[in-house]
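Just the one chain here, the form predicted on its own, laid out as structure tokens.
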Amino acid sequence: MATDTDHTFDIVVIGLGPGGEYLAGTLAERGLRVLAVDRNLVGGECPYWGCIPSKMMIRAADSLAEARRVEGLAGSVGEVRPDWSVVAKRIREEATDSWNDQVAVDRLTKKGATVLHGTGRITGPGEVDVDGTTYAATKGVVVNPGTTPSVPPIEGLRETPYWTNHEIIEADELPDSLVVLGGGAIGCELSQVMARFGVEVTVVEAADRILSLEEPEASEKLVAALEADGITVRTGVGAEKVSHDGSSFTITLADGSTLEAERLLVATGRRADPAAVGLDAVGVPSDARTAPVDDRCRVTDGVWAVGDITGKGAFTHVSMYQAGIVVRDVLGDDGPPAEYAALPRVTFTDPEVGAVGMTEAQAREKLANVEVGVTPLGETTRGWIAKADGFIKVVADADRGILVGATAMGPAGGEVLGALAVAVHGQVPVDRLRSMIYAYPTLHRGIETALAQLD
């Protein structure tokens, strides 16, 4: 184990995504000697290839769609001409500094952390190797390595120049046509962006519906929305073979049909690798897909894990939430343990799909007495005015008289979700929710109607 001053720290943080960066900076500000290590960019996927640039893309695409809605609402509109170069420039200059993390590095060092770009790996209790140099961690090690795109074992795929979220975010020019493998949140969001910028898009999802982890009603309405944007959605059939002839892709599906496109985007999920950061050296099985953590995010004594690798939800807000718990645990501060029953999640399509807690199907698997209430958004006054499609759905544990899940799909669905997330997290009695005053005319007033529909 390293013992000299330059190689001894209180805490070593491996992986500087949002949670890791926050944790390293906060502990450094509190006076701990912190070594912060990342083999890529400080900040991780979120600011460079994930949340921030993708939402810039979505905002731009939504503005195009909104402009086209003038007809029938406010008069007539001339031709709306998309220009991707405006979006690409904004992503490059405003969001990512051309994928340079110097600002983030400086932010951490000013807080007192030591930053290294390199591959960090736990080699034993309190010991980390970074590219051949050993460092000691007297208080412990935190891992926040994130995930990498999960590329399915489709014949020929790995030999082609397919895109992941990195390539599509970095694109200065868009293709004429695109096939998207994967109908989850990322696939649906990026498909809609591309279509609204004039790309011919086909989504291929092997499951029987897109957004398969959300309510079936959300899947159905989102298919209709994507198709209204000109997107072809193929569900219940996977890809079996991929080839590339130098200019275009040919994708052979399981039913024997083929698709051709200039580009192929693989959006079939992401994978964590606990062994890659050395968790096998502290007792985690080398073939584990996630890092087992307790309610303080401890893997074992002196080792914590935060973010995607914990398997609690591949969201920036989960990573930040867990980072706060680890900060308190390292410093010996009291605080509530981690809990995930009210985990919120948002798919930023148009309409947005905001959800929290359990779906109806999950609740019926786990609970004896489930009640469900649904209100179409178009039946609310604000939804009718806006000509908005969507719904609000609440799922209740009837025995306890509380909500255990909810979905808000529609304009600003993720914002409407806020009230529902508070209700689920706080275990607010349904009768108490029914007695609230809901502002009129708002979209969130539909919550009151959905509560009235509980069985």
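These numbers were taken from a predicted model, which means no experiment stands behind them. Sequential numbering from 1, following the sequence displayed.
There is another form of this protein, the form predicted together with a small molecule, and it is not shown here; the text below is about that form.
- Here the chain stands alone, but in the predicted complex its contact with the small molecule, taken as any heavy atom within 4.5 Å, falls in 35-43 among 404-412, 390-398, 419-427, 35-43.
- Candidate site formed by 179, 239 and 241: none of these residues places a non-hydrogen atom within 4.5 angstroms of the small molecule in the predicted complex.
- Of the residues 308, 215, 205, 352, just one reaches the small molecule in the predicted complex with a heavy atom at 4.5 Å or closer; this is 308.
- In summary, among the residues 383, 183, 357, 146, the only one with a non-hydrogen atom within 4.5 Å of the small molecule in the predicted complex is 146.
- Proximity of residue 60 to the small molecule in the predicted complex: non-hydrogen atoms within 4.5 Å are absent; the residue sits far from the partner.
- When contacts are judged by a 4.5 Å heavy atom cut-off, residue 209 does not count as touching the small molecule in the predicted complex.
- In the predicted complex, the small molecule sits within 4.5 Å of a heavy atom of residue 165.
- The small molecule in the predicted complex is not approached by residue 282, whose heavy atoms all lie more than 4.5 angstroms from it.
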